[in-house]
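Encoded as structure tokens, the following chain is the form predicted on its own, with no partner shown.
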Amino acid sequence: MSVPPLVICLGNVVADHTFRVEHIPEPPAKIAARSYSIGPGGMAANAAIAALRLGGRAAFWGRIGDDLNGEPLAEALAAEGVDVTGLRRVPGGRTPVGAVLVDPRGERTIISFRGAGLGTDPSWLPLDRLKDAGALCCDPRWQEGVAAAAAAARQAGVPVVLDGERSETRILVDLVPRVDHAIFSVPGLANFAPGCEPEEGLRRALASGPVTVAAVTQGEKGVLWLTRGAAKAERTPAFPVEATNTTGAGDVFHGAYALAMAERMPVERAMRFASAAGALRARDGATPDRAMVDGLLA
């Protein structure tokens, strides 16, 4: 029996405190939540869990503090089956935390603390492990780590997928030319290519370096994507689902897409696969398994 491909996910893990509320009020306000949960979140961490549940192997590379939020996140990722040997505990560091308010329609407001004192030096990363990976999936929250890992992945012939989420323009302008697949959110593409129409922004990404695929996820409009040398952009339609919690749907899309690259799927098929995974996450508020995604695709 063949070993499932390994997807290494580098970037952020967040202690997500999720409150389900009847409505998201304007401040000042004090309201009661219908329910509450806490669990691992963050772009790269959610992507790792998605790659694992969808049939791959997953490793998470990133940093947490030695505070009250840190070790429970490491334990939660390990309990999912994610390899956390590349997760660094930083003495005196503050772990990223998010407060997520979700209304009955699945719309959310997120208050995030991106952590502090976690350091930026990537020299401790186990880059030699990339030779065993099928794909590297990165978010933009640790610029130095992405730069180091993407360079090592390129030397190893491993495809690099970037979650082009909302970030500082200078960070995305630095990171996009380092990767093979740049997949943006709508705000992220606007940060990368201010003032550009979506297709023009994607062409700018392709022209920036060795990028072979550039895409933007557009919610109910689906995914607009462009490959190097193509005359025009393609669109993968969204799967019609009733969203209950859109938190993490984009992260799951990226984890699924990275797994698809590790499985050597053609780009068109990978976009549909990732779109189905993201849609199910938005519908259920939970990361789907492979059978669920295959069922939706069928």
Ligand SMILES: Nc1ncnc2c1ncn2[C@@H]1O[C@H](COP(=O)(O)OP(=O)(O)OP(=O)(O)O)[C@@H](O)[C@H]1O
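Numbering starts at 1 and follows the sequence shown. Small disclaimer: the values here were computed from a predicted structure and weren't measured.
What comes next is about the form predicted in complex with the named molecule, which is not displayed.
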Candidate from Glu165, Asp83, Glu80, Asp180 lying within 4.5 Å of the named molecule in the predicted bound form - any heavy atom: Glu165
If the cut-off is 4.5 angstroms on heavy atoms, which of these, Asp128, Asp121, Glu220, Glu197, is the one near the named molecule in the predicted bound form? Glu220
Testing 286 to 294, 272 to 280, 21 to 29, 6 to 14 against the named molecule in the predicted bound form with a 4.5 Å heavy atom criterion leaves exactly one stretch, namely 272 to 280
So in the predicted bound form, are Ala238, Ala249 and Phe253 all sitting within 4.5 Å of the named molecule, heavy atoms only? yes
Residue-level contact is defined here as any heavy atom of the residue lying within 4.5 Å of the named molecule in the predicted bound form; does Val267 satisfy this criterion? no
Would you classify Ser185 as touching the named molecule in the predicted bound form, given a 4.5 Å non-hydrogen atom cut-off? yes
